[in-house]
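Listed next as structure tokens is one chain, alone, in the form predicted on its own.
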């Protein structure tokens, strides 16, 4: 398959794409690797050596880490243009997270050495990276505070609103199909509790479900239910 090209990439939010045309950046952009992952394929293993940063060229992924009693805790989901693996970059030799493709996905990978050299020679990349980390820190702190104050129902609703913001809902259902287990892993609860909340929301005509397909029926009411927790903040 053809190598992903930064110059023709349409992911304008990608910080590499934003700076790919800079003369100083070109030698580093040419050293990137293109990785093709099948649905369900793991491309970052928790505890394994860090192999640089990954940028999603096209596809959907989940980022997780092992929580209490070996339970999977999903930290975030990612799609086109987003950075994966930044939690391990520059902080140590081993990755603190794992990452799995949720569908067939194309990734751009820059090794530690290449990215470090790029940041030393391309100030705009360094600045964009610094702003990215600052925003991620703010989101993480907000999520911790928010989750500490939420009921199980509110956590699940918050997860559905996040999924809708992240992947969209072009019709009746979200533009991604997640298992109840994955939703529980992201919401910080159990699969059984997620199933119960989904059942309640369906009865209240706030959510529709068809197999793995889920979609919000009344967006305003769901937003209102958790408005005191700042639902509009991405995480």
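Because the structure is a prediction, the values reported are computed rather than measured. Positions refer to the first chain, counted from 1.
Another form exists, predicted together with the DNA; not displayed. Remarks below refer to it.
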Item to complete: Choose one stretch from 23-31, 165-173, 54-62, 193-201: the one whose residues place a heavy atom within 4.5 angstroms of the DNA in the predicted complex.
Response: 193-201
Item to complete: State yes or no: in the predicted complex, is some non-hydrogen atom of residue 71 no more than 4.5 angstroms from a non-hydrogen atom of the DNA?
Response: yes
Worksheet item: Using 4.5 Å between non-hydrogen atoms, is residue 179 touching the DNA in the predicted complex?
Response: yes
Worksheet item: Does the DNA come within 4.5 Å of any heavy atom of residue 151 in the predicted complex?
Response: yes
Discussion item. Taking the DNA as it sits in the predicted complex, is residue 212 in contact with it (heavy atom to heavy atom, 4.5 Å or less)?
Written reply: yes
Worksheet item: If we check the DNA in the predicted complex, which of the residues in 122-138 reach within 4.5 angstroms of it by a non-hydrogen atom?
Response: none
